[in-house]
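To begin, one chain is listed below as structure tokens, in the form predicted on its own.
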């Protein structure tokens, strides 16, 4: 690492972005699941969220069988759960506190207000019928953070690490949303695109990644499974697609190496280039035929490998 940014501050910046993005994505996942899990298969939907986030064992130890009320509490206000939104926002604030001399007053103020609001939520506030309003507030708070950061954060190495973290987290979360949403749509519709209930779940999947209107601008009236999958995975014009996020992260990694001489970032850059190539070559009908879950899981594992390499190269982690 260059002396201009200590490794611990680079790591704080990277994880500040990731925790805020993770909060936004989890709110989207909860919101769309609550909307479309009001039938006899609802328990499967809530269990699917736990599975996508590798939280089944932790949840069962604390709550038992998955149901709407408990899963919502587990992922919103449970301070004992390290993967709840309350925990994510608290972690983000701690990283921001370590960066107080680097970030703007506006960034620091906004994240403190958000953290205080999350800490004030109680069980009655996150009942299923109240969840949409809570999720909307969480999303708006995360988006406000992004806007303030973009407008006020000085564009040096710290800025690059922030956006690398944000894009990597967004790519990872897109694969999780795709995995959960696709499984639900497949289970309900048995792959019959014309089935009205099936179509509603493709709509829900697109809305969960903020891509419904963008998809409708570029595709036919009918929702076809492999087109939805391809859109979320590799449409470069959609800012939340996995490929678009990886492309942006790749650009920022190149800037670290070429403009700031961070040679230790090269191993992580190589992994990201490999992910980029795999996504560009991806064929959605083949992915669906061979198993979308395994494909999404593979991308997640490669993103973890990237994060590990970045940690060793830039954050001072030991091998």
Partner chain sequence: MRSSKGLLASYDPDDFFCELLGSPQGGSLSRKAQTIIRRLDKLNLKTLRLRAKDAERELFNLGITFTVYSDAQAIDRILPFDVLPRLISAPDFDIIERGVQQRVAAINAFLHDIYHKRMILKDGVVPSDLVLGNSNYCKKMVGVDVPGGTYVHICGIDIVRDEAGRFKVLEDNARTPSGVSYVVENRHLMLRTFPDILKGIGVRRVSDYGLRLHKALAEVAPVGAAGEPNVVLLSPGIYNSAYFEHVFLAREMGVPLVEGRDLMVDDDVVYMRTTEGREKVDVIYRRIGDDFLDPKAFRKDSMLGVPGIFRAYKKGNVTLANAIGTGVADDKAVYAYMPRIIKYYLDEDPILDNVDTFICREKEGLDYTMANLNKLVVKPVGEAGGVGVLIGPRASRKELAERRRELLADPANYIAQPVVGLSVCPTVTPTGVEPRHVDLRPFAVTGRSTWVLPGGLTRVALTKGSLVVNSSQGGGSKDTWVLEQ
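Residue numbers count along the first chain shown, from 1. Not measured: the values here are computed from a predicted model.
We do not show the form predicted together with the partner chain, though everything after this point is about it.
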Partner-proximal stretch of 229-237, 132-140, 109-117, 242-250 relative to the partner chain in the model of the complex, 4.5 angstroms, heavy atom: 109-117
Sole residue of 262, 52, 275, 26 within 4.5 Å of the partner chain in the model of the complex, by heavy atom: 262
Heavy atom within 4.5 Å of the partner chain in the model of the complex - residue from 98, 146, 200, 83: 98
is_contact(residue 125, the partner chain) in the model of the complex, heavy atom dist at most 4.5 Å: no
Proximity of residue 93 to the partner chain in the model of the complex, heavy atoms at 4.5 Å: yes
4.5 Å heavy atom contact, residue 161 to the partner chain in the model of the complex: yes
Contact label in the model of the complex: residue 9 to the partner chain, heavy atom within 4.5 Å: yes
